[in-house]
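Single chain ahead, by itself, as structure tokens, in the form predicted on its own.
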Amino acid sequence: MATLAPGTSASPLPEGAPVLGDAEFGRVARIMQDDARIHLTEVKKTLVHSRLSRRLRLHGLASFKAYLDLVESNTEERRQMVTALTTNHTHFFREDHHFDHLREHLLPRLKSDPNRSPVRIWSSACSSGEEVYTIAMCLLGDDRSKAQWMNGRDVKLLATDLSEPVVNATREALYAESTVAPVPAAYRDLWMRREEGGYRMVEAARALVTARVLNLFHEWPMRMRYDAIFCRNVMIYFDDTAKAELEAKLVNMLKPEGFLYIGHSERLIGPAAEKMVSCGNTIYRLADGR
């Protein structure tokens, strides 16, 4: 997910570096709250200074005040600032109990559907794509014959993120060898191919995935409901009001009996908690009735 890093250790600023004063930090915090609902606290001040100093240098500006004046008058630079203040931490098969659950509980249901209904799964904060391609590999299986259930089926995985660069990386689907290390050999050998620069997801996996830029607090264009939604390690950056709002929207996008997977330190609150049944560690199922 494109979010602020969980923690940043303070380091001395270079001599002569522009100072990020309290007033300017407050302006940054308000923009991040307004545009991304990310709650910035003082502990992130060093991170903000480091990330935005690069934007100052790019524009030849000598102060954060001048830069924020630019941001507040230029929509594109405002978007660039929000992107610069997000980071992306993910890896293949992260929190692997979620993928065990997908294979053991959701996948059999999808395979046995007598109506062969469309399959929809959403990686709502996809970062650079490791999550959505882990989902794809779980659906395809660790043996080529296990993917046959998808023949003639309408199976689509949506991958969204606030950050355009990581959405582009998801579309590119090329990963360094070190990044691929957590992938079990059976999956890697079937659904990745080695090429210069690392491993690329094969066409069968990439064809399942549609990657789009999406702000989770803006209007969602999707109309279909989802068999499962992954929204992991996202809500830790929001206040409770934003969490409750987002979780309620996610739950309303689930099919009956659909699953919601959230991060290891997250919890459901508000209306979403009343509609969901816990069925594992940070795994929830939409209860009967909405």
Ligand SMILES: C[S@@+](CC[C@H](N)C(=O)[O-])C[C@H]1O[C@@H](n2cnc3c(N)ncnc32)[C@H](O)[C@@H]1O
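Residue numbers run from 1 along the displayed sequence. Keep in mind the model is a prediction, meaning the values are calculated, not measured.
Below: the form predicted together with the named molecule, not depicted.
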query	finding
Segment assignment from 172 to 180, 189 to 197, 159 to 167, 142 to 150: heavy atom within 4.5 Å of the named molecule in the predicted bound form	159 to 167
A228, L52, A36, V251 - the one with a heavy atom within 4.5 Å of the named molecule in the predicted bound form	A36
Answer option from L40, V234, L260, V48, heavy atom within 4.5 Å of the named molecule in the predicted bound form	V234
Interface membership of L102, the named molecule in the predicted bound form, 4.5 Å heavy atom rule	no
4.5 angstroms heavy atom contact with the named molecule in the predicted bound form for R109	no
Contact flag, H97 vs the named molecule in the predicted bound form, heavy atom cut 4.5 Å	no
Any non-hydrogen atom of A125 within 4.5 angstroms of the named molecule in the predicted bound form	yes
Within 190 to 217, the residues that have a heavy atom no more than 4.5 Å from the named molecule in the predicted bound form	L214, N215, L216, F217
